[in-house]
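Before any questions on how it binds or moves, here is one chain, the form predicted alone, in structure tokens.
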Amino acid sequence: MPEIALSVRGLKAGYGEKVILKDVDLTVETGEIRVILGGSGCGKSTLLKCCIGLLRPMDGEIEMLGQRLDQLDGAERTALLTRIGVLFQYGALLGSITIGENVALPMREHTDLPESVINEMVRLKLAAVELTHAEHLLPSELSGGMRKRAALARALALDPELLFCDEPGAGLDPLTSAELDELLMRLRDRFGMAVVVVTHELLSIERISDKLIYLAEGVPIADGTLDDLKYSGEDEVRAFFARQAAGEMRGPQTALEALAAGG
């Protein structure tokens, strides 16, 4: 049987007195791309924050890579979190340092590797995302898609077993978003990671998902394969995918529309 990289059971979470998520169960297997989807405000980002340790759940259990987050002390928790990678929605690169230095940061912070080894690892990670030429550039000198790939290289710096991606296609034109999706799938296959993707981008969901979970008002209402959700008994889930079919009927974007979509 495949190993379980992430297990969420009976999760309840929110902010202050406000409950955002309740009764969330989620399992992600090693080598799987699991997509979390739903409408705006449904709790996707809150679930991601709980999984990566940025938000403490009100109730329930989260087990990552065989360890319960709530049962770890500070040093153990830090050690576990170095085994995951996070691709933030807008990259979150530090603008005052080069791309190479951004990628090196996790290695300098969490390892005792000599600088010569770190420099070589930086080049390898940038090569993996096809950005070798950008090592000495600043983030401001890159396009939006290149910044996303640079942020992905940084997320891969410590060879994570579990990668979380928050809206990876946000702000990208359709072509660049598709290229990023293909890159995520290649990296998943190459490194054998489990990947959790939070997104509402319908075309991306079609391309990358092995399994999906759909949240509505903080509660999972559908969980399964793409076909399971497309033919779900839940009206909201079917309507979500019907909007995709309508978009496909309108045909591909023109070059001008794609440029406008990319900002």
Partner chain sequence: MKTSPKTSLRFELDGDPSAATLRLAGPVRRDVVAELNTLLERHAPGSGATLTLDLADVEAMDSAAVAAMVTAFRRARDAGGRLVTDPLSEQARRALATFRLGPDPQPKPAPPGLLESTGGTVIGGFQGFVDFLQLAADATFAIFDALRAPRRMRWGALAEQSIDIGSRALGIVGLITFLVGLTVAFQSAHQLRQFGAAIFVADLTAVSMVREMGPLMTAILVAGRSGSSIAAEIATMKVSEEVDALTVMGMEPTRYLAVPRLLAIIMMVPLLTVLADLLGCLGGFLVGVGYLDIAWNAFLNKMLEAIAPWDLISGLIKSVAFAYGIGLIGLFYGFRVRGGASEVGRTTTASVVASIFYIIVADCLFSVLFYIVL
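Here the rigid core means the biggest group of C-alpha atoms that line up within 1.5 Å when the two forms are laid on top of each other. Positions refer to the first chain, counted from 1. Everything numeric here is computed off the predicted structure, so don't read it as measured data.
This next part talks about the form predicted in complex with its partner chain, which is not shown.
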Contact with its partner chain in the predicted bound form for residue 132, defined as at least one heavy atom pair within 4.5 Å: yes or no?
yes
Report whether the minimum heavy atom distance between residue 181 and its partner chain in the predicted bound form is within 4.5 Å.
no
4.5 Å heavy atom contact, residue 101 to its partner chain in the predicted bound form
yes
Test of understanding: in the predicted bound form, would residue 71 fall inside 4.5 Å of its partner chain by heavy atoms?
no
Candidate spot 82, 123 and 127, all three touching its partner chain in the predicted bound form (heavy atom, 4.5 Å):
yes
Scan 92, 170, 113, 105 and let me know which has any heavy atom within 4.5 Å of its partner chain in the predicted bound form.
113
Taking its partner chain as it sits in the predicted bound form, which residues of 168-186 have a non-hydrogen atom within 4.5 Å of it? Please list them.
186
Taking the rigid core as the superposition reference, indicate whether the CA of residue 89 shifts 2 angstroms or more between this form and the one not shown.
no
At a 2 Å cut-off on C-alpha positions, does residue 180 qualify as shifted between this form and the one not shown after fitting the rigid core?
yes
